[in-house]
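There is one chain below, alone, in structure tokens, taken in the form predicted alone.
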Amino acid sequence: MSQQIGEFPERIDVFPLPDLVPAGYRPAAVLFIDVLRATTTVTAALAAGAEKVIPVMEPDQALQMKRLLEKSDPAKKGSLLLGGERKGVRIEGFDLGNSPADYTPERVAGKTILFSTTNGTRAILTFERNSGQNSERGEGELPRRGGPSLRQSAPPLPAAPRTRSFLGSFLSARALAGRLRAFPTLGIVCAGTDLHYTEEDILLAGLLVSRLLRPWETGGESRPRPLLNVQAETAKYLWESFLESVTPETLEKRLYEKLLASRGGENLRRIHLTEDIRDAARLDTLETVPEYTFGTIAPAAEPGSAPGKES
């Protein structure tokens, strides 16, 4: 199986939690999903003109990194912002929380954001560690975690170059599907909430799997249908079942209601952040595709170019 750019997917795996990803798993591309709210917020920040986002595991590491970066280069003062949350609310001493609406062009254009969240940034950094790709890390820092492993076994993938890593949201779902169909093997990693599955992440995974398989479902593709793991088939079924209950006119409203009732939505409702849920449910409104490369997140490179270069 070739790992070159420019092919339709031959295999798609969905993992409902980061700890379910097999150790050493190295697809051609991986997509991280934390709909409520980290990957949605990062997408909004880059679309608003932020230069880059640096995911950091813990808040104190973000504070320390900001001090070190400003000390090493005084010109960075004023261009670095701290963003993130714990228990859903903005971290004390941070400039921004984890609400997409916080990241306006007036606040973030041209800025670098040091970003730490409960679930989303942890999913990215955990995958990087477990896939063996953290030997070339950039500015971020990745502490190791102990505890039992929930990882599943999976058929091995052929040797691959460094995995291209993207961040997903409903906001940029159309652009994501267009980007991800260029890779022969794809892993979709859902962040979950507090180590539990979350319906909103699995719904987005299902939407993307459904769109990627559309050429086969409509009879327009003669090549073999991509192989899906059980979770990918389940996610696709959940999304398509949801679609059967809506019309084009009611889709976004019903998606908002679906997210509102999810585990992540319940957490946000308790702290009166329902507008964040509404913002996260806006479908296909942005073309920005965030890409994580060597410790930073920036607008994705073109499919045929080296990662890390803005498109």
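Only a predicted model underlies this, so the values are computations on that prediction, with no experimental measurement involved. Residue numbers here begin at 1 and follow the sequence given.
Keep in mind that the form predicted in complex with a small molecule is not shown, yet the notes after this line are about it.
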* **Sole residue of 53, 38, 56, 44 within 4.5 Å of the small molecule in the model of the complex, by heavy atom** => 38
* If contact means any heavy atom within 4.5 Å, which of 221-229, 172-180, 101-109, 114-122 contacts the small molecule in the model of the complex? -> 114-122
* Using the partner position in the model of the complex, report whether residue 184 sits within 4.5 Å of the small molecule, counting heavy atoms only. => no
* Any non-hydrogen atom of residue 29 within 4.5 angstroms of the small molecule in the model of the complex -> no
* Any non-hydrogen atom of residue 268 within 4.5 angstroms of the small molecule in the model of the complex -> yes
* Proximity of residue 199 to the small molecule in the model of the complex, heavy atoms at 4.5 Å -> no
